[in-house]
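Given as structure tokens, the chain that follows is alone and in the form predicted on its own.
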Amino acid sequence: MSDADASEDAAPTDREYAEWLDALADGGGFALVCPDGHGSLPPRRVCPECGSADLSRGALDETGVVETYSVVHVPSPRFADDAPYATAVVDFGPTRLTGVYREGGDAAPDPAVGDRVTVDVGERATDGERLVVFRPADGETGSGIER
């Protein structure tokens, strides 16, 4: 999550990440996948797992599974107005995404390992910057498997 800038003047890494966020927001989320099936997110030139430079776009699964999370009650200044919030790592097929878990409402987020979630693009309350947001799939909340 960064101040992704999609303008032509932006650094290529910011531009590619902003384009990925745009695709995700439009329902066309994707991962860069190598011939061995390893997934990663732009900007990438080589697979971080095997070093292959043969990367192609593969659609993200519609739902992912929460692998781990951390609920933050004392945030950094960039997230001051977002607390409490939960940062989660979610398995979406060939790749894992890191983002903020939101259930809606003002209650503290209550994810669980194993919860199924969807992914979208939201905004940070503190400054409006775009970020990856996970939401419970089909109304699931806190029903995952605790480890």
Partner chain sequence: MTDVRVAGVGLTRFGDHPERTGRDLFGEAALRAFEDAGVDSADVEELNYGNFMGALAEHQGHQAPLMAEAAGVRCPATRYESACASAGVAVREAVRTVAAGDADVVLAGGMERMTNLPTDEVTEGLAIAADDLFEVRAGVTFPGAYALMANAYFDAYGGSREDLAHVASKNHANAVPNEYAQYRTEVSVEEAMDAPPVAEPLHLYDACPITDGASALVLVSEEYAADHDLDASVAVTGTGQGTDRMALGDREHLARTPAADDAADAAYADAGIDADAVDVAEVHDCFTIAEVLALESLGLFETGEGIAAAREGTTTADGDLPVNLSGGLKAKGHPVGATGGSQIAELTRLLRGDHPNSEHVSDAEVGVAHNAGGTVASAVVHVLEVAE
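Residue numbers count along the first chain shown, from 1. Everything numeric in this text was worked out from a predicted model, so none of it was measured.
The form predicted together with its partner chain is left out here; the points below concern that form.
- Interface residue remark: residue 113 is counted as part of the site for its partner chain in the model of the complex, having a heavy atom within 4.5 Å.
- Although the partner is absent here, residue 49 sits close enough that one of its heavy atoms falls within 4.5 Å of its partner chain in the model of the complex.
- Remark: residue 67 counts among the residues lining its partner chain in the model of the complex, judged by a heavy atom distance of 4.5 Å or less.
- Taking the partner from elsewhere, residue 124 is found to have a heavy atom lying within 4.5 Å of its partner chain in the model of the complex.
- Scanning 61-81 for heavy atoms within 4.5 Å of its partner chain in the model of the complex gives 67, 68, 69, 70, 71, 72, 73, 74, 75, 76, 77, 78, 79 in sequence order.
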